[in-house]
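As structure tokens, one chain now follows by itself in the form predicted alone.
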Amino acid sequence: MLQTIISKELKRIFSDKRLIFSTFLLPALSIFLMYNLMGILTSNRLNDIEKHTAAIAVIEAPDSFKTFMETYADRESYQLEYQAAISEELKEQVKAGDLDIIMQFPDDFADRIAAYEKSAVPDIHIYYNPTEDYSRATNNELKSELLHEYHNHLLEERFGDLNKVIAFTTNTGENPEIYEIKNEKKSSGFGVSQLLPMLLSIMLFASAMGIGMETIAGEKERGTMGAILLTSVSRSTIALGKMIGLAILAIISTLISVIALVASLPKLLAITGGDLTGQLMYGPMEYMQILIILLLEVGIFVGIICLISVLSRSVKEAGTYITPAYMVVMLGAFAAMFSFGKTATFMYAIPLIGNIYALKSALTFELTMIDFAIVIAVSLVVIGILVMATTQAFKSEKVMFNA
């Protein structure tokens, strides 16, 4: 009889083309299009900033700076306008985004540079608009590139050989990568571990939530649940059949979404500055851990959703109650994404949250067998409690008939 209940739940979805599309294909297509679009837009934005010719108003520029700019290798990236004094009109242009930067030299800059042994170090004032992408990027480039080169140019004029004022350097060899002491296995999975735990957890819950509310609360609302309960099948079997059917559908939906996610992963990693140039080094152990963790997550999610659904009188009411649980899942997913360092052992003992952290640790080859065992034990206990609570709710006439 259990198999009959499971088959009924699966048939309800797979016999309806619209449900197949909305349950399996639409989420996967949305993920693929959304993340590819995000990656393309982010890449275009960065390329646009890189190709932008910065408009800079230079106030009281010394002759040494003008001479330097005539030979500066990247001078075509800057459109300079030399001015005698700063004005409110120039500041308004920066606010409006018509001007990227105002760079103001002290009026006695040249004299103070020449009399460096007797005068204070001159300070160049850079006015920029942090809310404008072009202005903010230009400000960073000025400090790290152009003015850095100009600074070295002045030192070379002062001392002849710039090495006279350099006490030491750091990792300036032809191959700086030789100084990187890193775990190659962990490095290969670092970019993936930042995103997949969050996305997989959210997708798993969303997939189960959409189907789960309709599976139980929907049938109660339509009145078809009463007919099922009046059959000779035990209510425990009905509850287990619906939960297992929901788990199977959630896994299938997630697998299809994962395929779409993997297809868009290069663009998605580009958003966070990651890449897939390194070869992932996962072996049978890591894949086993990831699979078990995901299956346990599905069990917890299905248990939560089924329990809420059976306690609700309608799909709308179930959606209201499930929202806080969804927020907890999202909170845990984002917390894992932005966590740093080794995860404390007690984190794996937190129901649901521990699964997400364990998934991230497995992706970075840091999940120990003790931590893995803790996650399995806690998850099985939670799943058992949720299953018992759901089956007990099914046995209640008041709950099942909305009395």
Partner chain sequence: MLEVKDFTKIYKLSKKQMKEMRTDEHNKVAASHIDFIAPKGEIFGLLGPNGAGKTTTLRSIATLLTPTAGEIFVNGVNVVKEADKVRGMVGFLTNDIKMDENFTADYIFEFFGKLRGMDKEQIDKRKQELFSYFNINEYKDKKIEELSTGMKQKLAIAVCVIHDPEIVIFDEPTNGLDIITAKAVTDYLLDLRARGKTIIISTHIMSVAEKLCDRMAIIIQGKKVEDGKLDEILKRWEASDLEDAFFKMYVTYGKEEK
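These figures come from a predicted structure and were not determined experimentally. Numbering follows the first chain given and starts at 1.
Here the subject shifts to the form predicted together with its partner chain, a form of this protein not shown in this document.
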item: Heavy atom distance at most 4.5 Å to its partner chain in the predicted complex, all of Thr4, Asp16 and Arg235; value: yes
item: Listed range touching its partner chain, judged in the predicted complex by heavy atoms within 4.5 Å, from 254 to 262, 219 to 227, 303 to 311, 118 to 126; value: 219 to 227
item: Sole residue of Ser144, Asn163, Thr231, Asn152 within 4.5 Å of its partner chain in the predicted complex, by heavy atom; value: Thr231
